[in-house]
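Next up: just one chain, as structure tokens, the form predicted on its own.
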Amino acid sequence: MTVTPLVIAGLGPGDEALITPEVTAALTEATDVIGYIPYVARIPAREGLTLHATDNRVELERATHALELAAAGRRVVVVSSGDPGVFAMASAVFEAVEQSPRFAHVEIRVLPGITAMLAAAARIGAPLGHDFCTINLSDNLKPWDIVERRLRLAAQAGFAMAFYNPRSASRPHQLARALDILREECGPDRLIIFARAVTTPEERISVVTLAEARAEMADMRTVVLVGNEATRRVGRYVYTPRRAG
């Protein structure tokens, strides 16, 4: 039996115009779309398409379900927001394959998408114009002490930074701690950008210094960008020179 490739697709940051044509084509051909509830809600229902929406903390179960359907000949698309390889479902699917050799024959295609980090950077200018790193501030899958260590080392190395999952109802204190670490390592004048719901009607972007930054400025729909020591304002824009030291 010919096994249909399992597609893992990024839906971009929110604006439907930012979904790539490649992803749109895959969704048009799909018999099943699988993903976290709000991401599946972005896919219009149609005849012949089954939507499988699940909670955010069942990634491996979701990945296994997708692999089972693909192995049975269904045309499956696993959806993530942004890019599926950035803190999203692509890793979960490959983890499920590693744990279950019965899926080794399933072909997998990963279709990239525009991340919230890149969409936010484009909205405000070019704050990631030189070397940068991306850190997930959630400690659901790694200890908080690792997060703290990475924050300090990234700041000491002079990286601009992008933070995903900065603050949730169950983790209200961690962004405050992260900001304290950044103030210790970078000083009070470093620029920081809070970009919420970028490219959607709820978009809100603010640029402040670390001295002015407060944890309450972010929630789980916010991506936080921190400049390096050379990052500066030019009019209403923020950019990092390409020749930063």
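Residues carry their position along the shown sequence, with the first being 1. Bear in mind the structure is a predicted one, so any value in this text is a computation, not a measurement.
Separately, the form predicted in complex with another copy of the chain exists; it is not shown, and the next lines address it.
At least one heavy atom of E107 is located within 4.5 Å of another copy of the chain in the predicted bound form. By the criterion of a heavy atom within 4.5 Å, D145 is excluded from the residues contacting another copy of the chain in the predicted bound form. Taking non-hydrogen atoms only, S168 never approaches another copy of the chain to within 4.5 angstroms in the predicted bound form. Using a 4.5 angstroms limit between non-hydrogen atoms, I114 touches another copy of the chain in the predicted bound form.
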